[in-house]
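A single chain, nothing else alongside it, follows as structure tokens in the form predicted on its own.
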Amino acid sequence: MASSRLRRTGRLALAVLVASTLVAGCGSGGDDGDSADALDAPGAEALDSAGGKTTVEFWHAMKGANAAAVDKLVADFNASSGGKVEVKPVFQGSYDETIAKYKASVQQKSTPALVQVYDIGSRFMVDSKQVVPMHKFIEKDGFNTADIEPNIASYYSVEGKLWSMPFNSSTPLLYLNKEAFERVGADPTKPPKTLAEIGDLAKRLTVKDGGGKTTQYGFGAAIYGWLLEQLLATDGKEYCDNGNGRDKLATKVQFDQAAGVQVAQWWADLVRGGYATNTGRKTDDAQAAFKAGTVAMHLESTSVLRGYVDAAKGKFTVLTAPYPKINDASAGGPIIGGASLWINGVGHSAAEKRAAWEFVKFASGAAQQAQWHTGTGYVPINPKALEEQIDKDWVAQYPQFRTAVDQLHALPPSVASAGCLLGTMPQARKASEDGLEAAIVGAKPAEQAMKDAAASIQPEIDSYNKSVG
């Protein structure tokens, strides 16, 4: 059933991609829809000559506290625009739901002026030929790209040029239950650095009651493809070929390489040995286990840090450590996660495009990023945000966050840490989860599980590349 859903998703994405490419050639009916410069970046004069108020529809996938932070950011911008621009945020559901609606809007010739798209949708957005590359606005205004964290910017860059503006960025961490460590005489200030070290500690940290029931597992994490991508990157390995899809279109995934098989085998061994819990693919379930104190070590995004600290109050102390490496020889670093902002050109007036850029610039400012970071827990894309007093106060309250910043600055950007640009990356991530799960539950040997998973996505990759080639 899951595989049939995956195939249907892939076919839909392919069909919409072909349609969107054709749409780009004929326009979308807006002021710039039939113009050769639909994908160019207009200057500030576009707003001056527009007259009246320019409205920007902004689709996003933030909910809860994150949605409140979006609304605050938008309200502050609208108030500062002097009546020239009004940004209207519209929640579109999850990341998957948002990009699905975006693809439909391309077919319907009704794209929003601004859209938030998750990291793994980047290749599709580039190939859609609907968007104004962000670097065109940057070059037009002489915008200082030094105000963007290099490791964050590298993910959203193609041939060294930024295509979208990072918005909500996260990095993975190893979360620890301090008291669990202390109970077994382990030093929580000297956290494990490799998978083998996590495995050894997991055995010590696993606790059973008098009846033999496990009350605390040493390790637990969601069977989430993003976590595998991170481990490959920390090992310096590229997830897909052709320079992670950055030299030219990627033609295959490589999560079935030796490092990927090693991760699957390691995870399966811990679960079968009773030292790790298997909560399945839902991140909510894995998060709940850690917050309940039934898991002593846990892999997750820095974006959940505040929620973890708050949930653990009165029960245990949450500590953070750098994301582990596969082995001592691993010399890479993790990949940025989250999403970025894309400005649509086809079907939008020069004023709309310029207004969207003005908001993007505003949202990337130090003060705004400090407000965004402290309201959401995401890593600020502008390093100057950490110098703002509101940010200093927040980090003082949540010192565990320093791990994310230090990790981000520890290594220069690399091809591996930039992540894989692949048109079918959402489906590839799901396929990697199929492989991991098959190995973890013992349905297949780890090597076979990962090879079968990689092979399952090949037809999707081939079809996508044919459609854009």
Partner chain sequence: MLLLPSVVVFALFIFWPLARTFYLSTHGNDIFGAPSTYVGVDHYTEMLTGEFGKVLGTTALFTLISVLPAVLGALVVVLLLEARLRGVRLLRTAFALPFAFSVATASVVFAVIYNPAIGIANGLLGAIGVDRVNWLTDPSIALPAVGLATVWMNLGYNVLVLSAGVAAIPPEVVEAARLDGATGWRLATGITIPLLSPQLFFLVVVSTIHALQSFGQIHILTKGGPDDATTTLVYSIYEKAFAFGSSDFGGASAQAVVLLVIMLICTAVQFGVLERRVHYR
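Numbering follows the first chain given and starts at 1. This one's a predicted model, so the numbers in the text were calculated from it and none came from an experiment.
From this point on, the text means the form predicted together with the partner chain, which you will not see here.
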_4.5 angstroms heavy atom contact with the partner chain in the model of the complex for Gln107_ = yes
_Considering non-hydrogen atoms and a 4.5 Å limit, does the partner chain approach Glu57 in the model of the complex?_
no
_Exercise: Ala410 in contact with the partner chain in the model of the complex, heavy atom 4.5 Å_ = no
*Find out whether any non-hydrogen atom of Ser128 is located within 4.5 angstroms of the partner chain in the model of the complex, and reply yes or no.*
yes
*From the list Thr279, Ser157, Ser330, Asn78, which entry has a heavy atom within 4.5 Å of the partner chain in the model of the complex?*
Thr279
_the partner chain: the contacting residue among Thr317, Asn242, Thr214, Thr145 in the model of the complex [heavy atom, 4.5 Å]_ = Thr214
*Is every one of Ala288, Ala292 and Pro426 in contact with the partner chain in the model of the complex, taking contact as a heavy atom within 4.5 Å?*
yes
*Where, among 160-168, 362-370, 94-102, 297-305, do residues come within 4.5 Å of the partner chain in the model of the complex by heavy atom distance?*
94-102
